[in-house]
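Taking the form predicted alone, here's one chain by itself in structure tokens.
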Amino acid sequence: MRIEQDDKLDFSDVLIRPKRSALVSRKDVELNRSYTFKHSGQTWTGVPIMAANMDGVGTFPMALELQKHNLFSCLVKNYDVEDYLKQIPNLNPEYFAVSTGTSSRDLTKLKSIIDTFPNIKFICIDVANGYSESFGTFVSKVRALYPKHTIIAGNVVTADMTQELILRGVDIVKVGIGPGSVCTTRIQTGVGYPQLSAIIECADAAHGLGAHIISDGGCTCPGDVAKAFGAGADFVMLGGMFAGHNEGGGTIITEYYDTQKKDLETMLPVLEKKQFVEFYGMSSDTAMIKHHGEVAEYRSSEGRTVRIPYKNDVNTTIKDILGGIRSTCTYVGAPNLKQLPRCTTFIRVSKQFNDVFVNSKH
């Protein structure tokens, strides 16, 4: 047993210090970035924000909407060849990835999809624990099968494993264990790593090898997305922030709450209408039962199931996120997203914002 004494930081532990800026307007900020990927050799240009491959987030309708803004989607694992057949004519191959697990069945399905649709460019190999030797072996196998595809893989949170995955053929390493809004890994296992420090350390390791990382999880607001980019993330993956919209599907739950007021004409109780959508982690009981029929005896749930407010169309949320990042850049004098890490100085804080009216009903 050993203890590391240096502090590890999360998004809530810091703010970005403002700096003198020559920018006149938020509209002057360029959010598109261009990357060339280490192993595939492919080039990509877009706004490097991704929808997570989670139920209610990584859906075809979400991908179709996000690609209008040059944003990326990692599609859910349960889509098969027939599902892609219906949607592939409308999908831009620059802005989505096919997601897969690491079982032999997963590999068979991946081969079927890629062979049927050779214009697909991105593969996302996704597991909760990217530290197992079998995961690394699977990554190497997929790289050998698809040398020209851009491979996304994770999740890990340390520099050494980031380097290991890159050396095995990964172009973009997915970084994050436990920070997600519906992830309970840290509670169930005691394992995790504060997300801001994970980004800083893993980005440094990846960039030294000419590869890239995704910050996956932990963002609760546009400011957190900006902090992830400021810390060195090449891409930022969002789950909860993109959940609850029409494009994610799911049943809208409508409930009425007694406001403790009465209509002055009828003297009947005044009810407040609230709408919700169910959202759950992909290692939750809900997800395992839905996709596998049961929770295996040898494992426990590492995700929670929650109801989040229904948010209508995702377009409004996209504009809010992008607007927030543009504003960040104007505060620190970054003319584009590429320059943001160079212009970012983090300061330690004990409080993020004034929350006196956060829960106010007035």
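Numbering starts at 1 and follows the sequence shown. Since we're looking at a predicted model, the values are computed, not measured.
From this point on, the text means the form predicted in complex with a small molecule, which you will not see here.
Comparing 103-111, 77-85, 234-242, 141-149 against the small molecule in the predicted complex, the single stretch with non-hydrogen atoms within 4.5 angstroms of it is 234-242. Scanning 130, 169, 281, 248 against the small molecule in the predicted complex with a 4.5 Å heavy atom cut-off leaves one residue, 281. The shortest heavy atom separation between residue 277 and the small molecule in the predicted complex exceeds 4.5 Å. Residue contact check for residue 155: one or more of its heavy atoms lie within 4.5 Å of the small molecule in the predicted complex. Put simply, residue 54 is close to the small molecule in the predicted complex: some heavy atom of it is within 4.5 Å. The small molecule is not shown here, and in the predicted complex it never comes within 4.5 Å of any heavy atom of residue 65.
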